[in-house]
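Next up is one chain by itself, shown in structure tokens, the form predicted on its own.
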Amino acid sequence: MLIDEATVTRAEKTAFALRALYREHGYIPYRMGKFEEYDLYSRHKDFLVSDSVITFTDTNGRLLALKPDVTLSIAKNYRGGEDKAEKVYYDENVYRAVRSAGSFREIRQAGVESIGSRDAAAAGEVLLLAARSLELISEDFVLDLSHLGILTAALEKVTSSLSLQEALLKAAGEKNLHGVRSLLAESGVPEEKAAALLRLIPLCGTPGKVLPALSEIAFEIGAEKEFSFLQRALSVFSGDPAGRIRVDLSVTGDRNYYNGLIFKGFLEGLPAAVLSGGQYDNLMRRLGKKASAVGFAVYLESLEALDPAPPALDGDVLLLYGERDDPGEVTRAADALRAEGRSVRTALTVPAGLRFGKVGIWEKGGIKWQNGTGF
């Protein structure tokens, strides 16, 4: 069967290319059902993008949910330990509430999860796959990344109060230095005590530009181990003349789940991140798993905004026939046109609102051609 590439969306083309990319790097497909027990999501609602979950009761009385997230399910079903690494990829639909629309949507995602390896090489490979995933969609991309462990070390130098740490982290994620200073003043913390944090927040740029300054700060706050991990993971990028890989210390995440590398991917022309990921060892521990984990998701649905305008025509040929015409003759005439590579719709009357390149009227012994419709 011939596939008209004009009708294939960017999301579908991207999903196919991503699956090939991930297989090429030794990741194996992860298959899952549409449903999970609701308890999994109710216990980790703050990990989810949306806290609204579609639930129903099955025939055995169990409360199930249409899955709103893939990573939680993969992490839950991981059966290995520190000595068993798994590398999987997925192309799945998730179901989430859209507050602006007041409804639920089926959203397609593709991504990878690397579970069980604590080394910088494994994390670096995931970073590299994130960059290559973005590049498959567009060369005009940026991958912003940070290390939550370094930020946490800076926060702990400021205060032991978890609530203040979280407020400062939120302000840091917004690059809101004024907000950070206001929080420090309200809490009676002198700015000198937060000097390292105040120097961290504005850091943003290519690894070559940022890492020297970050190294000095990491030494001051006792985060040499975290900095070394970040530096080694970044070594997978042999060169980036376009400056598309950026170290940005304002990239943050929920410390209840994430602990190390954290990153987001952006494309020219789209306002929000199309890729999001990080290390989620803390989530694994909350699930009772003794393993490190890192992964990301590509939000394929968001690529719809990059699709070109739909084709001007709904079909190549509209073949009209009369009530008394022989159906077999009409079918054979249409098939002959399809054999030439044209799309053909047969109809008794002209369909309202549709556009065709040519209109043919079947007459015994041949087709009488007219101009197209909808013009």
Partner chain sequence: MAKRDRFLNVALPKGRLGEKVYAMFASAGFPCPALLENSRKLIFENPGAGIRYFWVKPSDVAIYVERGAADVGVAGKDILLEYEPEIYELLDLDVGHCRMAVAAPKGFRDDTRRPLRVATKFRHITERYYASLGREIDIIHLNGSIEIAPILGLSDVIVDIVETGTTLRENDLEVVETIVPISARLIANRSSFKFKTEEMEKLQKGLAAALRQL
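Quick caveat, the model's predicted, so the values are computed rather than measured. Residue numbers count along the first chain shown, from 1.
Keep in mind that the form predicted in complex with the partner chain is not shown, yet the notes after this line are about it.
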property: The partner chain: the contacting residue among I262, L267, A218, V94 in the predicted complex [heavy atom, 4.5 Å]; result: L267
property: Candidate from R232, K290, K170, K225 lying within 4.5 Å of the partner chain in the predicted complex - any heavy atom; result: K170
property: The partner chain contact at A272 in the predicted complex, heavy atom, 4.5 Å; result: yes
property: Contact of H178 with the partner chain in the predicted complex (heavy atom, 4.5 Å); result: yes
property: Any non-hydrogen atom of Y299 within 4.5 angstroms of the partner chain in the predicted complex; result: no
property: Heavy atom of R246 within 4.5 Å of the partner chain in the predicted complex; result: yes
property: Interface segment, criterion being heavy atoms within 4.5 Å of the partner chain in the predicted complex, picked from 282 to 290, 187 to 195, 137 to 145, 232 to 240; result: 137 to 145
property: Stretch 194 to 232 - residues with a heavy atom within 4.5 Å of the partner chain in the predicted complex; result: C204
